[in-house]
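The chain below stands alone and is given in structure tokens; this is the form predicted alone.
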């Protein structure tokens, strides 16, 4: 294994990993050290203060993977200035400073968030690990890659059920079929946010929340603002005086308030709400 060290600023590996993003659901994280397989390579990331110790069988690949996956080139000081519009957001940033949005493979992101609907993190992780074990291609290191679309072409709905995904099995099967015959996810990379969302909504089982998650974490559209139960609750509690509010109104409010970095605002709101909701 090759090894190198990088200096990073305004980055926290633990917060970025744990905050419900795709890697959260299958990578291994212990003692502030992250290990996972990406494109047949082993990536091992450990953070010590502002130093990242990176180990891999291919250190050049791993460095590019780290910088891309964790968006280390994002202008975090500018982002913080733009989204720190009120005391609650300022507090969220202060608590979880260094949390980055991740940028992941679009297919991987779509699959993970289909599995995530009406689910908890423990069950999602269990299902995703089973999916990788059953369908992932093995590397020379005896680990497995996240299954690509082509790896799942012959999978039946009952095969997906073996991954403990329940009713989501039919949605996974539909996603495989639809993205094989009707939608090239990788050609969407050049499209704008609205187009990406509208295309994703054509996949049976994909609603606005999943489409926004994929736009944000699979395509890097930082203006996307996914709304789940945690985001809905915290927006209503902090910004709407506790009043029940339609999701369309909440989303319009958020996208106007935080504009091109609404996705970052969402992630800080989400992680603060998940960890501290009862404090407010």
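Residue numbers count along the first chain shown, from 1. Note that the structure is a prediction, hence the values are computed from the model and not measured.
Below: the form predicted together with the DNA, not depicted.
J.: Is the DNA in the predicted complex near all of 118, 205 and 231, within 4.5 Å of a heavy atom of each?
T.: Checking in the predicted complex: 118, 205 and 231 are all within 4.5 Å of the DNA.
J.: Given the stretches 208 to 216, 49 to 57, 33 to 41, 249 to 257, which is the single one in contact with the DNA in the predicted complex, using a heavy atom cutoff of 4.5 Å?
T.: Of the options, only 208 to 216 has residues within 4.5 Å of the partner.
J.: Please pick, from 270, 11, 261, 17, the one residue with any non-hydrogen atom lying within 4.5 angstroms of the DNA in the predicted complex.
T.: Answer to the contact question: 270.
J.: Determine whether any heavy atom of residue 226 comes within 4.5 Å of a heavy atom of the DNA in the predicted complex, and answer yes or no.
T.: Because a heavy atom of residue 226 falls inside 4.5 Å of the DNA in the predicted complex, the answer is yes.
J.: Hey, in the predicted complex, is residue 123 touching the DNA, heavy atoms inside 4.5 Å?
T.: Yes, residue 123 lies within 4.5 Å of the DNA in the predicted complex.
J.: Residue 146: heavy atom within 4.5 Å of the DNA in the predicted complex?
T.: No.
J.: Is residue 173 close enough to the DNA in the predicted complex to count, meaning some heavy atom within 4.5 Å?
T.: Flag for residue 173 set to no.
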